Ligand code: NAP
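This document opens with one chain alone, in structure tokens, the form predicted on its own.
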């Protein structure tokens, strides 16, 4: 496993983190608690020491599973728990709420579900423009000073929003969506991360399974599966993305004796400013491929070839905007 220090914290985290959105079950077709716990234990056995979760992942289910898995394994001090705050739900409907009262309440709920008395990395899940960003940041700063959280993070924030946040609070991490197919942050967030010496946790490095190489033209999604609302998984774009995946896989095999999954994750890890890539395994065997992304690097020729494949195969790239929960109508000053 590779490790990297989170800026200004001393926390030495694994460059592959266990992402647990799918483990929560919601929007991923349900969950199996014992299988999920086995998966988290398998991640720890591979040297992964960073577990990323959120209250909204399964409406508390993901955090409860993470808490139970870590309690069963023991050695809480060796695991870095990253969770989030600022979304609430009613009858399956998600809204943003980063008010001080909501943050305080969510923290207590997360501590209970995670069976711990502190959070290592606490991240505002989405910007809530109905609450002044400075007010949200001030509350996060207070939690940091009280020792309830060890690092302050934001997710899905723009540089301008992070500037406002940092005017009243320290900021250590930022979590944006980032993969070979969703590269919007290269124009703003990544340069900002490097300039401010922040640590970026890239979520979705395999683009919801599209970059695993296992998707087929006739692959079907059902129920509440998130991919039913992702344009990349619908015609005519789906065929374009599958064609790109095939060529990326051929490139990986020819140049490195690797596969498309290896090259996709390595590409993310090789980007300056990226500390960690989230790996959303639901079963222990899905973690066996982690080793293929570690301890090697893409050379300049391969990077150029990757970019050429993407330009040739995907006429109109689609970003991850469809995943954003509805923004509140009120705009805070």
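Residue numbers count along the first chain shown, from 1. Being a predicted model, the structure only gives us computed values, none of them experimental.
This protein has a second form, the form predicted together with the ligand, left out of what is shown; the following refers to that one.
Although the partner is absent from the chain shown here, 52, 57 and 125 each have a heavy atom within 4.5 Å of the ligand in the model of the complex.
155 is the sole member of 199, 110, 155, 139 with a non-hydrogen atom lying within 4.5 angstroms of the ligand in the model of the complex. Although the partner is absent here, residue 206 sits close enough that one of its heavy atoms falls within 4.5 Å of the ligand in the model of the complex.
The shortest heavy atom separation between residue 279 and the ligand in the model of the complex is within 4.5 Å. Proximity of residue 283 to the ligand in the model of the complex falls within the 4.5 Å heavy atom cutoff. Interface membership of residue 95, defined by any non-hydrogen atom within 4.5 Å of the ligand in the model of the complex, is ruled out. Residues within 4.5 angstroms of the ligand in the model of the complex, judged by any non-hydrogen atom, belong to 286-294 and to none of the other stretches in 266-274, 286-294, 40-48, 302-310.
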